[in-house]
Ligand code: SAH
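Taking the form predicted on its own, here's one chain by itself in structure tokens.
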């Protein structure tokens, strides 16, 4: 029985693909190795959204060269977005890699490994054909009470900085019945929270039958008995609709949490990014969301140091952040992605300026997050318990429906509340975490 160790880089979509890929391998008789040292097959499911993500993979591949020399029968494979983008270049740079498998070949992973086993050599498996879904066999999850369900693949937006449409392909949605069946299966296994995934989930259903959209999907999944929470990511401002917000307000199981990346607060930079929205339009969406869904928590993404970004452009971004008052925001320094339109622009913001703006924006968001979290002190929040706290194994942790991390003491030292929904009275906060007492 061959053993496999898979490391995932990047987004939640990659994590979902890794789960499904491991499930296929387990179904074919593979077992999960405890680490790379004991594995017969080492796989990296990769990300190409930023240079840093690719550099981490290259570093890991370099480290495995000596290990492969000691174990010639070891198979090393690079999967996913980076494999789709780089192709044969990976073999050229790292001759000890055996397989490069693109984003649309995951469903053939067991067969590809068998071909390597019998034929040896190198195997490049990159295709442009559309693969929508894989068999639902899944490996044991670290958190069995939460699961990702991919509802669509690809993206048609082609933002100038983004490689995703080139490595993931154009948008295609899965049928509602198929998604509901997968979610029902997960709930039957004990899952309490489903996260619906799409690169641009607000356009879900546009290749399906009439009147099928994200709002109708949320209503269908909400009918599943035993399911407690539904989340969805990621939302593009261009495609955010009132009916999705109405569904969020109407359906108790849908978490009041919206991840909607702004990327910049400067209209000039947004135009260069080819985002298709203005800062004013984005703020109007934030206002509409808060009107339709009281107490909604909104998260965002930002890129600093985009080609041509001036100090004035950056200050526009700070102003948008101050006005919108996000619960949290993911902030990244721009790095050119070969093959995108923005890669043709001069990367003319100095590295030190990028770092300085990145830190300033992090500081602004940290202050806002702390101020917003302080409003929770004294409130009672419902928490789905995930397990022990990473920083203190004697305490438990979970998340609210607003996706806020909560840490609290168990009623007894050996209490197992994993997968349970409990009430916590918030006593202290940081910018990232709520701390409180369990209400018995």
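Residue numbers count along the first chain shown, from 1. Everything numeric in this text was worked out from a predicted model, so none of it was measured.
Same protein, other form: the form predicted in complex with the ligand, not shown, and the subject of what follows.
> Taking the ligand in the predicted complex as the reference, which of 365, 263, 84, 266 has a non-hydrogen atom within 4.5 Å?
Of the listed residues, the single hit is 263.
> Counting any non-hydrogen atom inside 4.5 Å, which residue from 221, 78, 194, 303 sits next to the ligand in the predicted complex?
After the contact test, the surviving option is 303.
> Would you point out which of 375-383, 65-73, 402-410, 45-53 contains residues with a non-hydrogen atom within 4.5 Å of the ligand in the predicted complex?
Result of the contact check: 45-53.
> Is there a heavy atom of residue 257 lying 4.5 Å or less from a heavy atom of the ligand in the predicted complex?
Outside the cut-off, so no.
> Does residue 94 make contact with the ligand in the predicted complex, using a 4.5 Å heavy atom cut-off?
No, residue 94 is distant from the partner.
> Any of the heavy atoms of residue 202 lying within 4.5 Å of the ligand in the predicted complex?
Residue 202 lies outside the contact set for the ligand.
> Examine residue 187 and determine whether its closest non-hydrogen atom to the ligand in the predicted complex is within 4.5 angstroms.
Looking in the predicted complex, residue contacts with the ligand do not include residue 187, since no heavy atom lies within 4.5 Å.
> Just to make sure I understand: among 158-181, which residues lie within 4.5 Å of the ligand in the predicted complex, judging by heavy atoms?
The stretch 158-181, when checked against the ligand in the predicted complex, contributes 161, 162 at the 4.5 Å heavy-atom cut-off.
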